[in-house]
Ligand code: URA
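First, one chain by itself: the form predicted alone, in structure tokens.
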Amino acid sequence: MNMVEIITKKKLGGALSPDEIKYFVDGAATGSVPDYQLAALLMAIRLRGMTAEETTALTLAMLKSGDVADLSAIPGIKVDKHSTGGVGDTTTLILAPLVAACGVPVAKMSGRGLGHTGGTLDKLESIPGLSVSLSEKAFVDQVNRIGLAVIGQTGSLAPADKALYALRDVTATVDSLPLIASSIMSKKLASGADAIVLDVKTGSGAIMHTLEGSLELARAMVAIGALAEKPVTAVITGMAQPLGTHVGNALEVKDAIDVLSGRTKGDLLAVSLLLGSHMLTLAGAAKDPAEAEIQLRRALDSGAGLEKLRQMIGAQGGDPRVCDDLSRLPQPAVRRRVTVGRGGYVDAMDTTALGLAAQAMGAGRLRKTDALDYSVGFILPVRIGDRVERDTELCTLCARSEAEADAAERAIRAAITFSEEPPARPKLWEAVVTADGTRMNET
């Protein structure tokens, strides 16, 4: 057995055996298979796909490539949440503190930016001094002490996925259903959670642009969870436009703090409450999502959620004063207000293009070794369906230079279209998928 034979087999559309999958997964974990061969195989998988059996075998092989976290020392049902990736998608920094404030422990391992989508770890690391690297013991101790920790995937948990994840980001293989499903579920199963809530994005800024593709991905991951005897709920949420109004690492931390402080409402808060309500329900802290949302809103209104975020930042070495003084977050060299320049209605957004605009500004990586500029990105207050005039603010650019601000302005203008008639506003969520079936949003 060798990599050239495996690559050739998949290139020609063949189904890989569990042994062949284990061979390349183990090679990715140990570094014995070079990146160029792994990249070739990832592209073959992206183009040829995988059967349900191959996807399950890939998930289990990546799960078994390292350790599985033992969270049994944390009392209660531990519920994890994972997003398939979006733009302005800062829900973890909102719902994790709110859920913890409701008495449900949140022991979360998150990822970095992937393609045009932002990563929770990159956002957290924009907070001065904050570390996302904790030992498993320190991770467990922190959750037991304050109810909340968000850290990076440790080197011993699903190391094969860690290697493949970085390669997918720079080889245009992010949007592969079997690679997405196996990556997410291997990490979630390895992280030791008792139950999982998945936020599966759909729309122009999602990895899966169509509702059909998003449903297929959600059902695949729910099925993997059932095989592993883990309760999984997948919520399909909209990504026809950025979820929050801020795009960029420090900017999205600001957006989350504004939401937790009660200064900002809107779609970001609504989706955070929706996902958090399913987390509380799976944890047994509420009888249904409606009751759970009441608890979450109490934690929001009382300030308990913001206090949990403040505690977590301090516990992980960061400056908790950012929760009260946003100027302590990284600040850009250039800040520019841009107006729409015409009247009409916001008709549509190419949300992937908006994410790529932030990436090009330095908020994301073009190569896996790239360093990020945490201060850059943009604020986009307009939403699909909004009425705009010539002097309506289109965005505020936060850039490293005037030239990069010019390029970002051109990209953002090209990504947003306008019409004379008001379009329908996109749905916040499309469906909820569980092992029992699919419930569509008919509203």
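Computed from a predicted model, the values in this text were never measured in an experiment. Residue indices: 1-based, along the sequence shown.
The same protein also has a form predicted together with the named molecule, omitted here; what follows describes it.
Novice: Choose one stretch from 252-260, 352-360, 82-90, 318-326: the one whose residues place a heavy atom within 4.5 angstroms of the named molecule in the model of the complex.
Specialist: In short, 82-90.
Novice: In the model of the complex, does every one of Arg168, Leu179 and Lys187 come within 4.5 Å of the named molecule, counting any heavy atom?
Specialist: Yes, the whole candidate spot contacts the named molecule.
Novice: Would Ile207 show up as a contact with the named molecule in the model of the complex if we use heavy atoms at 4.5 Å?
Specialist: Yes, Ile207 sits close enough to the named molecule in the model of the complex that at least one of its heavy atoms falls within 4.5 Å.
Novice: Does any heavy atom of Thr120 come within 4.5 Å of a heavy atom of the named molecule in the model of the complex?
Specialist: No, no contact at 4.5 Å.
Novice: So in the model of the complex, is the named molecule close enough to Ser183 to count as touching (4.5 Å, heavy atoms)?
Specialist: Close contact exists here: in the model of the complex, Ser183 approaches the named molecule to within 4.5 Å, heavy atoms only.
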